[in-house]
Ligand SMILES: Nc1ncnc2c1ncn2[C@@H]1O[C@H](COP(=O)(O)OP(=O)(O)OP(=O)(O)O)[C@@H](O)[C@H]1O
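Take a look at this single chain in structure tokens; it is the form predicted on its own.
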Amino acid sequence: MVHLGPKKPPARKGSMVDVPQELLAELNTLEQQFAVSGEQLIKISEHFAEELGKGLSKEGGNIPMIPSWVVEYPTGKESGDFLAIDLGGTNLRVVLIKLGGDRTFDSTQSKYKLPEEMRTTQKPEELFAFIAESLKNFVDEQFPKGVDKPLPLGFTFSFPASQKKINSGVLQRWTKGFDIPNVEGHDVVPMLKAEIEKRNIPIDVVALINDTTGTLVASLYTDGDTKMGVIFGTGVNGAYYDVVKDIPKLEGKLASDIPGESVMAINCEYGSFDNEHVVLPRNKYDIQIDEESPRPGQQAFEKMSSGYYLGELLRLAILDLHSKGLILKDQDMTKLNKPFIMDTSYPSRIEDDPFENLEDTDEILQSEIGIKTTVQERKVIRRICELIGTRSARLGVCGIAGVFKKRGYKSGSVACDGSVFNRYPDFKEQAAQALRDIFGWEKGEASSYPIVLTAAEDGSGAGAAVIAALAQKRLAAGLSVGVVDA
């Protein structure tokens, strides 16, 4: 008999019979504030499809809909050694990708945690110096004897950046809590190149991509049924292939080697969906987060659904109940009064606590936040976490539904990446349920639904490499990789 160790404890039954009525009444109010009905989801996704179209128009709209200059599908035969760097919300990842040319790839990677103060440094060169130093350390480690020729690099830059060609990118605005001056409105590639050259690192920046576009292309490299790449992480975003003739804002700007029938990968940057607050059901915590953020009135969709804000929503809800004298009486609230003290791991870990008395949650809150809780208080906090996570999943898939409605897709794979998708309890099940509510499918296993959410394989690393390979091939053939004369 083989012993594999203890089984994971069964799911909690979650009885609330011992929770005081006054607290239950307040919890019922919270449930209403965080609920999103099927009817609301349909309305939101239909508005989403309209807004995606506006973003492609000459007039533009809330959603940037940025052409990525990836104008071909990958064949799976792309090959070679490439470096990829992924600058996301909390970490810098440096990856060496070896594309096998047979729909396979091999990767070696290191991760470097961004210092918290780096997100709001007043000196932009400090950010790019940090990236270059990390690259130097990685290259020195992987190639101790040096290299024969510069290593091609795909730079995954996961912020809204407009691109006139594939190896440049002008930052439109910071998101994910970043707010560094003198970068918005500027091309970030020369900033990185300057720091690379200072250190004599043998690297050639071939392509600047968004992580979501990378997820799309990496997944197409291995699965031809992929219709979208989506990120559910620190931020939220989606990418898909549209057709050049259906992108009015590119009219008259392309060379003849990118004809109207050509495909074009679009980086939606739809975290800014509904900045006008037309359809999203914001509650008082959403409004508070927006008003106290570095950029009030921006990134409305992201602030309600992305990982960067889920812990903060939990903190605000707990503080609200405390201010009403319902929980945590006579507790030291010093830590809990600090904005963003709770990241997404807090609601995630609390939801994952399998014990009826939520003993793991007790340990988390005592050791990390400095508060002691009763079982009844923990049950309420746990329920709030469920409400926040469920709403994140239900709202998050409206972007997927919007793209499928816009393109007329009836089925397909959606390659998903990001910490929330990969690690948040029940997120995938709640997301599939929301898609079923939108499209009216018969209830069944999530894998049987016409739209299937799949886990992407290293979207930003392998995707950056595949896109760099496609760009290199076009450049070598003398074909355009951007607007005319870019």
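These figures come from a predicted structure and were not determined experimentally. Start at 1 and count along the sequence shown; that's the residue number.
From this point on, the text means the form predicted in complex with the ligand, which you will not see here.
Visitor: Among 54-62, 434-442, 31-39, 419-427, which stretch has residues with heavy atoms no more than 4.5 Å from the ligand in the model of the complex?
Guide: In the other structure, the partner sits against 419-427.
Visitor: Work out which of K176, R315, K379, K303 lies within 4.5 Å of the ligand in the model of the complex, going by heavy atoms.
Guide: After the contact test, the surviving option is K176.
Visitor: Which one, S110, S345, T222, S168, lies within 4.5 Å of the ligand in the model of the complex by heavy atoms?
Guide: Of the candidates S110, S345, T222, S168, S345 is the one lying within 4.5 Å of the ligand in the model of the complex.
Visitor: Residue-level question: is L208 within 4.5 Å of the ligand in the model of the complex, judged on heavy atoms?
Guide: No, L208 stays farther than 4.5 Å from the ligand in the model of the complex.
Visitor: Does at least one non-hydrogen atom of Y308 fall within 4.5 angstroms of the ligand in the model of the complex?
Guide: Because a heavy atom of Y308 falls inside 4.5 Å of the ligand in the model of the complex, the answer is yes.
Visitor: Spell out, yes or no, whether the shortest heavy atom distance between T90 and the ligand in the model of the complex is within 4.5 Å.
Guide: Although the ligand is absent here, T90 would touch it in the model of the complex, with heavy atoms inside 4.5 Å.
Visitor: Might G271 be said to contact the ligand in the model of the complex, defining contact as any heavy atom within 4.5 Å?
Guide: No, G271 is distant from the partner.
Visitor: Go through 276-294 residue by residue and record those having a heavy atom within 4.5 Å of the ligand in the model of the complex; state none if no residue qualifies.
Guide: Heavy-atom contacts within 4.5 Å come from no residue here.
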